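In structure tokens, one chain follows: the form predicted on its own.
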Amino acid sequence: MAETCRQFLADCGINPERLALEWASAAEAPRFVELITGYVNSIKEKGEIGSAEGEADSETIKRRLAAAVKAAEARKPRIALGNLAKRLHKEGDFSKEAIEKGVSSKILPALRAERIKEELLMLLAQGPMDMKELSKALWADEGEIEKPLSQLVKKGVIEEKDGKYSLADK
């Protein structure tokens, strides 16, 4: 789960080093203090969200995280996570490499597709946009956007007029 979060944070434009998962038992108070102090110092070095090198601006991150929450609730990513867990258990390979590979090849694509769909709706709620504008705002190539866009047009949620997409009037 932690690896999924790291990769999905990076996909959302957030430095994945902002996430840390360490173990300290109740009997390891000095280790706990060391872990927390180290984490707090590393976050202070990175600065506010959206200010670290390679991170998206804070408004984009807010939008992406809102879309990411909805994406995580979607059926396909949850099924992908369950299937990966079953496969890892069956193969008995819980190595870091196997987990990273499984997340990047199975779970992240499902989460990314859902995040793009949700963020697409959020962007179009602000006003009409053409494909180039959507591509730039979503950090996605046009091929990734075409499938959810065409599905939403087919469902009547989005409409296209003169090369611009907008939410359909209800």
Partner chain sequence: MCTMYCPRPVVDTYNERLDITRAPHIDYAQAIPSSYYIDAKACLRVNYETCNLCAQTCTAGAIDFSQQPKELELKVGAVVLTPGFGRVDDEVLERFGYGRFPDVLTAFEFERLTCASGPTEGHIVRPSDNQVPKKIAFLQCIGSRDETCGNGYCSSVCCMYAVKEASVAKEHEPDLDISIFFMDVRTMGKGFDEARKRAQEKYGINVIRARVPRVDQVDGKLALTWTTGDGEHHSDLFDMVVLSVGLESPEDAETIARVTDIELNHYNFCRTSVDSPLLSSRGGVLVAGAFQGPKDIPESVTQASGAAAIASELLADARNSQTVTVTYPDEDKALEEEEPRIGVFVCHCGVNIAGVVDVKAVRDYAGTLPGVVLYEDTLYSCSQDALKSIAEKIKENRLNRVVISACSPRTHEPLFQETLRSIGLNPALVEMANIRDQCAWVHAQEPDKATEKAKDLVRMAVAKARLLTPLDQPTVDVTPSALVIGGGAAGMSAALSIADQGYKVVLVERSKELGGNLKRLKWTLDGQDASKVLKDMIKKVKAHKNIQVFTGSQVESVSGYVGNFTSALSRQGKTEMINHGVIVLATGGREYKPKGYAYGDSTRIVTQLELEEKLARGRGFLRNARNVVMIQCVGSRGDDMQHCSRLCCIQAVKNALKLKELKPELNIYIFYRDMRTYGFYEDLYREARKQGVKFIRYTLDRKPEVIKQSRGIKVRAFDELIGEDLEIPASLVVLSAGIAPGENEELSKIIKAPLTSEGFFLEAHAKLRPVEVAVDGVYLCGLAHGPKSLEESVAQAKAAAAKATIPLAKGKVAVAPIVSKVDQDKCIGCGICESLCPFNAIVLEKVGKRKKAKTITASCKGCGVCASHCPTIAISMGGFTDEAIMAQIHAFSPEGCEEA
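Residue numbers count along the first chain shown, from 1. Here the rigid core means the biggest group of C-alpha atoms that line up within 1.5 Å when the two forms are laid on top of each other. Since we're looking at a predicted model, the values are computed, not measured.
Not pictured, yet referred to below: the form predicted in complex with the partner chain.
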**Asked** Given that the partner is absent here, does Lys96 sit within 4.5 Å of the partner chain in the model of the complex, heavy atoms only?
**Response** no
**Asked** Taking heavy atoms and a 4.5 Å cut-off, does Glu100 contact the partner chain in the model of the complex?
**Response** no
**Asked** How about Ala66: is it within 4.5 Å of the partner chain in the model of the complex, going by heavy atoms?
**Response** yes
**Asked** Looking at the partner-bound form in the model of the complex, is Glu91 within 4.5 Å of the partner chain by any heavy atom?
**Response** no
**Neighbours of the partner chain in the model of the complex among 80 to 113 [non-hydrogen atom within 4.5 angstroms]** = Leu81, Gly82, Asn83, Ala85, Lys86, His89
**Asked** Quick one: once the rigid core is lined up, does Lys96 have its C-alpha move by 2 Å or more between this form and the one not shown?
**Response** no
